[in-house]
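Shown below, as structure tokens, is a lone chain in the form predicted on its own; questions about how it binds or moves come after it.
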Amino acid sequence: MHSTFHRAVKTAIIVLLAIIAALPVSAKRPKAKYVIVVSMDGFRYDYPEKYGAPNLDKIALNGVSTDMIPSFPSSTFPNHYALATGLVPDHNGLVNNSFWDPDLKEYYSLSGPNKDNPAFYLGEPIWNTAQRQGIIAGVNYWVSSEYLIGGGRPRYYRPYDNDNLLSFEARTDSTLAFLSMPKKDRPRLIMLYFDEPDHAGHVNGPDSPLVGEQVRRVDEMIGRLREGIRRKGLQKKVDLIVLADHGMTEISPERLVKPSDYIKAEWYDHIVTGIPTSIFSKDAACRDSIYNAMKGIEHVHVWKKEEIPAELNYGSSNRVGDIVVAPDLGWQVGEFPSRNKGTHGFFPSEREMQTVFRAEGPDFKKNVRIPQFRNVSIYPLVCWILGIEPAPNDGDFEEVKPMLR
């Protein structure tokens, strides 16, 4: 009888272990107490090798590395909000850094006076997802984190005021200070944004030594963050994710397509030039005129919005024009060329638009390089680490599962 009982217990334990082992990663209990997500604006996938980034290299050795694929268009506001919501720009509302909303009858711009209007922002940012489920969020400068979206914002946030921005050192130390707050006030979701090397890449082009200086500068901040986590003895409680919104490529004034060379002003109500350019036609006949006038131009792709290739996940939003004009890599669409030497916004499949990704901590494998994945899958990844239920999103947890223990 005694032997039979022990055999039954042993069998039950074996069956239980087999069931646990067979569970999908997303069903297992996360180990990390905190997650810190750091964005380095415009940090292209190859910058660590091109310019040297020893702290990112250390994370790769101690954790996971790959190149991440941005959403289209590969620009700052659409992609930071895609990272926050898990929704592609066509679904998250920010279809470009600048756009026209025909319902609100307003222009949106990253430097505009009305960018705090919550009607522009769709979906649920990760800080709202977390706080709705009892997890405090602390954010230093992430795009849109200062605005009241869906009735919520992070408990701790900083308005992005160009005249009063914290230094990189101060914002890093402020991020570390979250981990020393009293437990009842301490955020478990922490996010940090650096505006370099994007600015240097725009002004000087991605091959400039000045970009290398900014790459090393933000890499030093990653080292400062890692050292702060180590000093607090939290290496086994913090998952650190370091990523970017988009890459960078070289441009020149000679590579410019001017819409006015092909279309008449009386054919459209609004045109928002950029990468891509959205044209809102006056009527169906004008739409055909615009399309026919532009469709054969070299170095640009011209679509009616419903004909945009499916892989771009673009065109269902009413903020996307009736006609969309997307230039080839390195080309511009506008009446005047940019004074910058570098830019982005191009197709996510272009290598120069792809970004760095590094992660380490108790939930991540060590010294593993994984296949590329789409940036919208960061949202379900962070939800899993925090043990919270994600809102509807375009991400796929299966894409990020290979990086997890």
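Heads up: residue numbers just count along the shown sequence, starting at 1. Just so we're clear, the structure is a prediction, and the values are computed from it rather than from any experiment.
From this point on, the text means the form predicted together with adenosine monophosphate (AMP), which you will not see here.
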property: Listed residue (L110, A293, V203, L329) with a non-hydrogen atom within 4.5 angstroms of adenosine monophosphate (AMP) in the predicted bound form; result: L110
property: Residue (of V143, V211, M191, V325) lying close to adenosine monophosphate (AMP) in the predicted bound form, criterion heavy atoms within 4.5 Å; result: V143
property: Contact of Y160 with adenosine monophosphate (AMP) in the predicted bound form (heavy atom, 4.5 Å); result: yes
property: Distance check, D90 to adenosine monophosphate (AMP) in the predicted bound form, heavy atom within 4.5 Å; result: no
property: In the predicted bound form, F77 touching adenosine monophosphate (AMP) (heavy atom, 4.5 Å); result: yes
property: Partner proximity in the predicted bound form: H344 to adenosine monophosphate (AMP), non-hydrogen atom cutoff 4.5 Å; result: yes
property: Region of this chain that lies against adenosine monophosphate (AMP) in the predicted bound form, out of 129 to 137, 194 to 202, 172 to 180, 221 to 229 [heavy atom, 4.5 Å]; result: 194 to 202
property: Contact check for D41, N97 and K115 against adenosine monophosphate (AMP) in the predicted bound form, heavy atom at 4.5 Å; result: yes
